[in-house]
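Only one chain is included here, represented as structure tokens and corresponding to the form predicted alone.
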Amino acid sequence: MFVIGERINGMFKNVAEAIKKKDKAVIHDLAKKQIAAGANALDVNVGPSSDNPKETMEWLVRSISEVTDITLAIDTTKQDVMEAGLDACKAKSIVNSVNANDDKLKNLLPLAKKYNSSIIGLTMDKSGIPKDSEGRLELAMKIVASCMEHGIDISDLYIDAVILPVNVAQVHVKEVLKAIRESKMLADPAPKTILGLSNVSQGSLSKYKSLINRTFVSMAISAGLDAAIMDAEDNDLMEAAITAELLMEKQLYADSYIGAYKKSRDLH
């Protein structure tokens, strides 16, 4: 599974403080630790505390690029902040994210094309997040069609069926899993699928969060999940994802399969 580390986000207290103080050491450390834990890419989000999000995004991306050339997911709803982040990237980038609103598709897909970025497409629009899989798939198809119109390779598109916290939207879980399965039939080649995994446990008791996350990621992988924005430093979570892929025959079995999997990632 393609793992995008979630920790460089201004919503976290240590990142918000690092942004305020322009402390690159904290950002460097977070990048290195997530990569060492198995992240294939890093999410970059300035959070709500910055007075100048465009400048902050540029600073974050350039700071990360001082220690790695890993793929970066530029996580923002603002077009100018998105372009600042994409322009500062030295390597492959991901637009995180586009939704099915006409204005978002019109403004952000040309940026993805310009910077040869992959795209995360959220199955939501101005009306919100559909309760059922059918509504999610309808919005996913709109995003797929718009990508085609903009000449974007669908293999560069990740459909996010948008999981909500289980403590307030339990009924959505099975609908998200169904949407992941059926997203594979939207185009040929099919778009990939992704989740912002930690959303499922948001608001739950702290002692259950990791358990909820690793149970859900295993269920989602069995439904065909290709990628997740998640806590790469949660070793139990990472090992659950590795094991789920093993059981779905995406990895070859060996008694030391976890170590072998991590070593193979290091080689890449």
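Start at 1 and count along the sequence shown; that's the residue number. From a predicted model like this one, the values you see are computed outputs, not experimental measurements.
Heads up, the form predicted in complex with a small molecule isn't pictured, but that's what we're talking about next.
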Residue (of Met11, Met248, Leu252, Ala25) lying close to the small molecule in the predicted bound form, criterion heavy atoms within 4.5 Å: Met11
Triplet Ile120, Gly196 and Lys209 all within 4.5 Å of the small molecule in the predicted bound form via a heavy atom: yes
Close approach of Val46 to the small molecule in the predicted bound form, 4.5 Å, heavy atom: no
Partner contact for Asn96 in the predicted bound form: the small molecule, 4.5 angstroms, heavy atom: yes
Close approach of Gln202 to the small molecule in the predicted bound form, 4.5 Å, heavy atom: yes
Distance check, Ile229 to the small molecule in the predicted bound form, heavy atom within 4.5 Å: yes
Heavy atom contact within 4.5 Å of the small molecule in the predicted bound form, the stretch among 79-87, 107-115, 120-128, 134-142: 120-128
